[in-house]
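First, one chain by itself in structure tokens, the form predicted on its own.
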Amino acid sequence: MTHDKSTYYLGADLGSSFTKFVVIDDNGNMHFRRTIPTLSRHRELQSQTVAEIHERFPVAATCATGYGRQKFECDLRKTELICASAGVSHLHPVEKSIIDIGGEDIKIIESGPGGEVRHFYMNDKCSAGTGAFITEIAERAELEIAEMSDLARTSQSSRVINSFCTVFAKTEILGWKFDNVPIEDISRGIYLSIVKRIIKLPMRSDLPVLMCGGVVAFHPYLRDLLAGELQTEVQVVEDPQYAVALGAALLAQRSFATSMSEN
């Protein structure tokens, strides 16, 4: 148990693949973070994690976001767009374009210095270019996720997956394997296909471009390819996988502060 007079706030980002927890204090400092599978067979893992958090920290308010937010007991629920903007803005309080690549979608957010969402765009038609897309295509290509960035860096290939449908993309990869395409070229080709999908979304590249989300955390070479395509500097935020959960915790803090000032 944390024995101090601080007040703490919990942000829970219940994504399609993983759930991220972040606990902050009144100053926005992070004291706890953890990632667990969202759809684990061991469903008690979520309740155990929440119980551990409440045992260690006197949590004053909780905000949930993500696909599973409606099923999570909390004081506040906010969209991933709002939470991503809040979390990234806490780290970078400037006007910016945010690229958030998640398990099932890609979000482009034009965000103000204080985290206000001015415009946003999503690839809501399918999961092409998302974490789920990478996982499925990599599995068909017999690629280890942890090795993909390092492999892709050694390739100069411009070969790219043209199919937007995951099913057809798998067939395309199978053809590459029959043609004995080197594994490093396959890795780069998967990343190039994601970059191709991102740049089809409207985005102001005259603003600082910041990336967050679990995908860029595990596939850092995506940043390099995207920066080359946009011909501008692209920065990955600190702890990108936790940016949305951090935003949720910050919104819980603001909501609590507002309710206290009104009482």
Partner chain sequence: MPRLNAQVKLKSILRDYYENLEAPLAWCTSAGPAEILRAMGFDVYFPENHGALLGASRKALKYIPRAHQAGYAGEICSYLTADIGAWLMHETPLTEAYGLPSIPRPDLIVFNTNQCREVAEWFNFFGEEFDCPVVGVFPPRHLEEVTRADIDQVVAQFRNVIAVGEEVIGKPLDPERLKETLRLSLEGTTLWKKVLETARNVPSPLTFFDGTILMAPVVVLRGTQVCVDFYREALAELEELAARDVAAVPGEQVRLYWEGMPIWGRLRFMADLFVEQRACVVASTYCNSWVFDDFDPDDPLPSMAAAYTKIFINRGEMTKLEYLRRMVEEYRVDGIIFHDSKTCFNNTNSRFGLPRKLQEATGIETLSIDGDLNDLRFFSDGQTRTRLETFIEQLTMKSMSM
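Residue numbers count along the first chain shown, from 1. Just so it is clear, the structure is predicted and the values come from calculations on it, not from any experiment.
The following text describes the form predicted together with its partner chain, which does not appear among the structures shown.
Contact residue in the predicted complex, chosen from Val181, Ala138, Ala132, Ile82 - any heavy atom within 4.5 Å of its partner chain: Answer to the contact question: Ile82.
Its partner chain: the contacting residue among Cys74, Val117, Leu151, Ala169 in the predicted complex [heavy atom, 4.5 Å]: Contact with its partner chain in the predicted complex is made by Val117 alone.
Which of 230-238, 209-217, 28-36, 62-70 lines the interface with its partner chain in the predicted complex (heavy atom within 4.5 Å): Looking at the other structure, the answer is 62-70.
Heavy atom of Lys78 within 4.5 Å of its partner chain in the predicted complex: Lys78: contacts its partner chain in the predicted complex.
Partner contact for Asn123 in the predicted complex: its partner chain, 4.5 angstroms, heavy atom: Taking the distances in the predicted complex, the answer for Asn123 is yes, it comes within 4.5 Å of its partner chain.
4.5 Å heavy atom contact, Glu104 and its partner chain in the predicted complex: Although its partner chain is absent here, Glu104 would touch it in the predicted complex, with heavy atoms inside 4.5 Å.
Close approach of Pro202 to its partner chain in the predicted complex, 4.5 Å, heavy atom: Contact check for Pro202: yes, within 4.5 Å of its partner chain in the predicted complex.
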